[in-house]
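What follows is one chain in structure tokens, specifically the form predicted alone.
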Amino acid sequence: MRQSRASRWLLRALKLSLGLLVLVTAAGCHTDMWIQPKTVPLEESTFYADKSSARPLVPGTVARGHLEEDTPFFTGRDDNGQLVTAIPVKFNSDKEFKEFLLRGQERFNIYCTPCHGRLGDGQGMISKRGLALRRPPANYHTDRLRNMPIGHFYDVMTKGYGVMFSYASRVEPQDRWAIAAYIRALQLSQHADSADYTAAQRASRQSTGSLGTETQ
């Protein structure tokens, strides 16, 4: 009996000691490791002079995968500094080129039509609503722009021109070339004549009465 009481007392003492140990350990823990003084995105900061918690990029920072090289693909110019006359993109099949051209149409409709219109005639909503007060958007079907090297259109999208600002931060280089290719397609659609068609195409269009001379 005495041994049984002693055992129970020892067990109670052990439990009490263990409880005290847990309390002491818990008292030494706190949440500073995961609840720290910090700012959330776009929150005002009292630490920086500009009151912004978001810090500007270090000058010269280049996003991963966006390091541009001094090549015609990125500059639109050849080794002599002249605007290129051909798209510096390689296509392995007609299908690839068609997909490239359709991509250009999609990007053109998104970024270019508000000013230049879907036909590239400079009659987008900006012009129709009288918002182009300083200088009207360019009409791609003028002789001047039809005779421009295709690198010109890439260069304009990259650097801006007149009142048009640069789209370099909005449109990737590959898409700028796709848009330039689609601009050429628009120009051809409005200024093609029978000499631009193959014999099979001429025969097909003559049978439907749709083959004509150059249009303006």
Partner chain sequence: MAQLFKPYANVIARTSIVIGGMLPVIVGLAAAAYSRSPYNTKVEVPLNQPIPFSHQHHAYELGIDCRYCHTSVEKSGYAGLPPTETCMSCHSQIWTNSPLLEPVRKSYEDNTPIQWNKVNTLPSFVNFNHSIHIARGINCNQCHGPVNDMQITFKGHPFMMQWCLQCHRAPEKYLYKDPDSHSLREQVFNVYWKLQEKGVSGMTPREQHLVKGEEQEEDGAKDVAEGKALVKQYGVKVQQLADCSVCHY
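Numbering follows the first chain given and starts at 1. What you are looking at is a predicted structure, and each value in this text was computed from that prediction instead of being measured.
Not on display, but discussed next: the form predicted together with the partner chain.
Chemist: Would all three of 38, 163 and 170 be in contact with the partner chain in the model of the complex, where contact means some heavy atom lies within 4.5 Å?
Modeler: All three within 4.5 Å in the model of the complex.
Chemist: Does residue 125 reach the partner chain in the model of the complex if we count a contact as any heavy atom within 4.5 Å?
Modeler: Residue-level check for residue 125: yes, a contact with the partner chain.
Chemist: Quick one: is residue 73 in contact with the partner chain in the model of the complex, heavy atoms, 4.5 Å cut-off?
Modeler: Contact with the partner chain, no.
Chemist: Please check if residue 134 has a heavy atom lying within 4.5 Å of any heavy atom of the partner chain in the model of the complex.
Modeler: Yes.
Chemist: Do residue 116 and the partner chain share at least one heavy atom pair within 4.5 Å in the model of the complex?
Modeler: Residue 116: no contact with the partner chain in the model of the complex.
Chemist: Report the stretch among 65 to 73, 42 to 50, 149 to 157, 181 to 189 that approaches the partner chain in the model of the complex to within 4.5 Å, counting heavy atoms only.
Modeler: Of the options, only 42 to 50 has residues within 4.5 Å of the partner.
Chemist: Sort through 145, 89, 110, 83 and report the residue having a heavy atom within 4.5 Å of the partner chain in the model of the complex.
Modeler: Going through each option in turn, the one that passes is 110.
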